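Presented below, as structure tokens, is a lone chain in the form predicted on its own.
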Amino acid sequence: MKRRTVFQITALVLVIIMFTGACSSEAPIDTKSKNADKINPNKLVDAPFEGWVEGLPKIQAPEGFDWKQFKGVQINVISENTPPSSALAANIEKFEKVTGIKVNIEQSDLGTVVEKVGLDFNAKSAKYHVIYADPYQILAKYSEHFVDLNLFNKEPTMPHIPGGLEDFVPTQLEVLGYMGNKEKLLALPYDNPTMVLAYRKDVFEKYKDLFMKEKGYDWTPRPGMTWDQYYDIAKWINQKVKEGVITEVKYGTGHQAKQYDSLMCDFSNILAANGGDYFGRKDIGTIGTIDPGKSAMTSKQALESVKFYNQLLKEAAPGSTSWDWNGLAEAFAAGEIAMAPEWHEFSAMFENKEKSKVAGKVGWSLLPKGKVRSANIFGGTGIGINKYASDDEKKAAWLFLVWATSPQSQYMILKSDLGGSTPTRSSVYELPDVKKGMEPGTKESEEMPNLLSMKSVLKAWEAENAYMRPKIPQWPQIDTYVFTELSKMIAGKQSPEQTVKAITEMVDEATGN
């Protein structure tokens, strides 16, 4: 049997399984509070958490709700080793004290999380009750294994989402919370890393006049700067370093071009900026689909982007092909690089004088503009509940989700020394101290250093600047095809034309098109 036929049959089976799962009559979930008969759903009362922040929605429950009704229940949370999970783990006693629920937070690299969640779902064992639902590698593939959170949020005898769903950034809620349609709410936005441009302010200020004299334009990174200018600037810096003129850095640019997911992310910024994408459908990066159609990597925009990326990597720091986002951040923090497309939450690391030589010298901007726009890839994740957990475990997990994603907890994570993540709630960004924290040199920016990147990130979240990669069940496989073939090209083993051809053929085979 030909491989193409095998993939088509596999895709058909996948569709049938998903359709059957969506239509099957599963046992109803008991979402009511244990003391439902003693609850007044028409009056809300503040939860007994301490340290409320003025100006943010509070966590509330209907009058009569017993916050300790699940005392003794133990829930296991699996998460990537990200800042918000570290911050929650460090403060978990605040939740456990109020609820009596024991929470175990297990953190590891994303690949391990994906593998463990897949095993747990397939076995229907509910070893993990709260799932770090990466939208591309977990939610899209395993959506039928999650609890519909609407069942809890609309239950009159249980606490609801503080501030409502409308307090999340709408696009991020679509990407992180749903799969295929909006009938079921599968996860709540939990973190929101976004790639923008980090650059050395000191270098750009010191050599501005010299560059202007030789090149004839202001080279300061800002919205509207093009990828062609970015390449030109990187090449000029490399030349001045060789001449001994520039001594503050070793290279003009660095990239996360290791043969890994990071390479796909790095390249996608350029692909989308030029008007290209992996598929032609426009909605698959947000709601997602099980039928993306044929690959769009045969487009003129895709080939131009691949050629440009190959050219750009020739000017990048040599370590780029061995760096993921962490390696790139470490090189930038060591003072080696003048410009780096990087996830914004590394701002805290760059401003940490114990870990960085560039503290106080870092500026942020939107990524450069391509033929069409600036495209800044979004990498956020939600958290959801395993549907194979017992009813009491699901209810306990719901209380955890309400607390962990609340504006109050998101603000706590922002200010945590172990956190460093930025809030998923719009209300937090309206606080006066958070606004001040976005200004360099303020005491608030020193307390919350990730805010220094937020002015650019807030622009990156605008629809015209955001890029969401395809949310389809086959994406983990396609992701591997993309970064593997690009890696071959960067290593000089194949041409850009051969690269887009190989990606196209494998993508279409994977999706059955």
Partner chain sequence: MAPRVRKIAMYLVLYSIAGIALLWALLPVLWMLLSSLKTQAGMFSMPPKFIFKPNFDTFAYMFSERGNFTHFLTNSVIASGVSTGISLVLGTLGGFALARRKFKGEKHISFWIISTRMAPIPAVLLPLYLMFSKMGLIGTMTGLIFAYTTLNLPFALWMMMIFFKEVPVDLEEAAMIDGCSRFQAFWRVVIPPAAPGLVATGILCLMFAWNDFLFASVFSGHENQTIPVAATLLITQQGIAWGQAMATGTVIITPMVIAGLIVRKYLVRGLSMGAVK
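Numbering follows the first chain given and starts at 1. Being a predicted model, the structure only gives us computed values, none of them experimental.
Beyond the structure shown, there is the form predicted together with the partner chain, which is absent from this document and is the topic of what follows.
- Only one of 407-415, 174-182, 343-351, 151-159 places residue heavy atoms within 4.5 angstroms of the partner chain in the predicted bound form, namely 343-351.
- Taking a 4.5 Å heavy atom cutoff to the partner chain in the predicted bound form, the contact residue among 372, 123, 210, 245 is 123.
- For the options 105, 431, 359, 114, the residue carrying a heavy atom within 4.5 angstroms of the partner chain in the predicted bound form is 105.
- None of the heavy atoms of residue 285 is located within 4.5 Å of the partner chain in the predicted bound form.
- Although the partner is absent here, residue 289 is not a contact residue: none of its heavy atoms lies within 4.5 angstroms of the partner chain in the predicted bound form.
- Residue contact with the partner chain in the predicted bound form: residue 363 places no heavy atom within 4.5 Å of it.
- Although the partner is absent from this view, residue 435 stays clear of the partner chain in the predicted bound form, with no non-hydrogen atom inside 4.5 angstroms.
- Contact here is defined as any heavy atom lying within 4.5 Å of the partner chain in the predicted bound form, and by that definition each of 109, 193 and 450 is a contact residue.
- For the stretch 75-91, the set of residues having any non-hydrogen atom within 4.5 angstroms of the partner chain in the predicted bound form comprises 80, 81, 82, 83, in sequence order.
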